[in-house]
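In the block that follows, a single chain appears as structure tokens, in the form predicted alone.
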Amino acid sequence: MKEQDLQKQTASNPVEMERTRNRKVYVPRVDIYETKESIVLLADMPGVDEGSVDIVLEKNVLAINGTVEPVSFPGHNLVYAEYDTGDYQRAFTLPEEIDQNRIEATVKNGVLRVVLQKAEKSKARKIAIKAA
């Protein structure tokens, strides 16, 4: 894996909204996998917890926004840092197969997990073969 792959990617065009904070915005890296019942999205958002992440679904677009407050160490001056903090933004267009009323999200240790349940008619099912 290249070092470039491990670095945070700065958002070049943040999700359509006016920013009221003068902070860096990163695009969280995301893994997406699919099961028979759902599509699961895992987003790396270090420093984010349940109180600092918002997910908005509007017109089939799922927008994820996370804010991270800079860490300060009272009585100490930061001399050098290789890790930079900033907010996170990313948006996904959802397919029609997703039941938009059954989307669940949790966050643990800076990883956001969004479970997008498939609509009943879109779930995989076995088709019985009849003898002709």
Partner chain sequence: MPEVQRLQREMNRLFSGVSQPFSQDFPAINVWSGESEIVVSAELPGADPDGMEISVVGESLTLSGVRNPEALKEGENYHRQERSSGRFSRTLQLPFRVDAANVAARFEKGILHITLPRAEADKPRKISIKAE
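This one's a predicted model, so the numbers in the text were calculated from it and none came from an experiment. Numbering follows the first chain given and starts at 1.
The same protein has a further form, the form predicted in complex with its partner chain, not shown here; the description that follows concerns it.
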**OP:** May I ask you to check whether residue 84 falls inside a 4.5 Å heavy atom distance of its partner chain in the predicted bound form?
**Re:** yes
Original post:
Should residue 72 be classed as touching its partner chain in the predicted bound form when contacts are defined as heavy atoms within 4.5 Å?
Top reply: yes
**OP:** Would you please decide whether residue 76 lies within 4.5 angstroms of its partner chain in the predicted bound form, comparing each non-hydrogen atom pair?
**Re:** yes
Subject >> Interface membership of residue 111, its partner chain in the predicted bound form, 4.5 Å heavy atom rule >> reply: yes
**OP:** Have a look at 35, 93, 106, 101 for me and say which one sits with a heavy atom within 4.5 Å of its partner chain in the predicted bound form.
**Re:** 35
Original post:
What residues of 25 to 42, in sequence order, lie within 4.5 Å of its partner chain in the predicted bound form by heavy atom?
Top reply: 28, 29, 30, 31, 32, 33, 34, 35, 42
